[in-house]
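Single chain ahead, written as structure tokens, the form predicted alone.
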Amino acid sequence: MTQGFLVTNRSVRWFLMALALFTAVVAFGSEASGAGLVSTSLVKTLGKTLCLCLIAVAMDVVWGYCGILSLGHFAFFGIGGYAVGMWLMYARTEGIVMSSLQAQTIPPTPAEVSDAIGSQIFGVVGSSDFPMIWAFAHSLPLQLLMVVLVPGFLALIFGWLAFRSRVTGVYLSILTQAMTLALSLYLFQNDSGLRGNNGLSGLQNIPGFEQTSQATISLVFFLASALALGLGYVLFAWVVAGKMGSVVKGIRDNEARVRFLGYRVEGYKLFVFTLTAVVSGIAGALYYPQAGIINPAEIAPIASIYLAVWVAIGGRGRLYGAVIGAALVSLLSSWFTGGGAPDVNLGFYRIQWTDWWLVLLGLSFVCVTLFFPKGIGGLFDYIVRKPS
């Protein structure tokens, strides 16, 4: 069935070929391959961009196809990052502690090792005890399972409560934003169990691969991010195709009519909301080891608003539009805020793009909304399908 789906969906095939070509060019040009044409820092930036493209595609499905403007999907992204970050911090700290205790004449007890690890991780917030949420931090398979289960469970409960109450439109957007704000404020507290404002750091150091160069590790995560984006794109393209896709788009266009036709609207919305949350968690789990750090500021409500802006600029209701919008805006953001863009001296005023980037982004969003409501993807469709 998957083979027939790919045969009949030309845009999916073109996207996968473009992604494969891009991945191959970066991989063979990276420092890890010996060519040295693409720096390790750029490989990391591109790998993170692919993760952002994946969550943008998820956002496009829930908003562009199903009509649910969720301002909370970056919370699921952050939860995935925290889940994998807990294991990374625990395993790395355990290695450091065990190395320092090996010199002792009497072997340390498991309790002493646990206390030492706890002091290293939570000493920054004045504690040494492991919170209950770290119960599985010693196990990579269990923490990877949490990457999927925790965002999925949270989305399932939230969606079930919201959709069964038939909360729609701006009110649902406010609820999702409130959920994200509540989670962010909770994580800022030192007693949240996740080191408060300090967050989890040193995530780029992968336990067991201390002797492996960052160039190689960055390339592996880049390839994993590309694979995740490709699989996620195919999954969502399949979801929005066929009968299910017609029902989902019908809910977006006229929810009352779809309900009148006998479809369980709440079930479809809950499925889309939960599935996109799970994929967002996976994207976060791949993103933050490349970023090296995660803290509550990363999942503040403004992050989810940026996500909606990416999708709007790229073009809602077009999966490739979400990829274009996320890639374009995130790379431009890195360039402008990272000091890559030269300042503009007007004589009476000097424009520093690190301060003016958000203004430029806001103006771009307004212009796209007014003049290109279908986004960059819609403009691309017009050029391709323009009659001769």
Partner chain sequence: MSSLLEVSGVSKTFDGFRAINDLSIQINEPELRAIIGPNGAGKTTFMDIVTGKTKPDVGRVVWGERNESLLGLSEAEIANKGIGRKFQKPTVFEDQTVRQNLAMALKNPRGPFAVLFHRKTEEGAARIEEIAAEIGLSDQLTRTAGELSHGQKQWLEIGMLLAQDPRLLLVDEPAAGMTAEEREKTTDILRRAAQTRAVVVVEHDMEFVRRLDCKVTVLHEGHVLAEGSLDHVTADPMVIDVYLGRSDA
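Positions refer to the first chain, counted from 1. If you're wondering where the values come from, they're calculated on a predicted model, not measured in any experiment.
The same protein has a further form, the form predicted in complex with its partner chain, not shown here; the description that follows concerns it.
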Stretch in contact, per heavy atom within 4.5 angstroms of its partner chain in the model of the complex, of 85 to 93, 208 to 216, 259 to 267, 113 to 121 = 259 to 267
ask   = Could you tell me if residue 239 has a non-hydrogen atom within 4.5 Å of its partner chain in the model of the complex?
value = yes
inquiry  = At 4.5 Å between heavy atoms, is residue 198 in contact with its partner chain in the model of the complex?
reply    = no
ask   = Might residue 190 be said to contact its partner chain in the model of the complex, defining contact as any heavy atom within 4.5 Å?
value = no
key: residue 254: touches its partner chain in the model of the complex, heavy atom cutoff 4.5 angstroms   = yes
ask   = Only one of 301, 152, 250, 230 has a non-hydrogen atom within 4.5 angstroms of its partner chain in the model of the complex; which is it?
value = 250
task = Identify, from the list 101, 244, 142, 293, the residue with a heavy atom within 4.5 Å of its partner chain in the model of the complex.
result = 244
task = Residue by residue through 140 to 170, tell me which have a non-hydrogen atom within 4.5 angstroms of its partner chain in the model of the complex.
result = 166
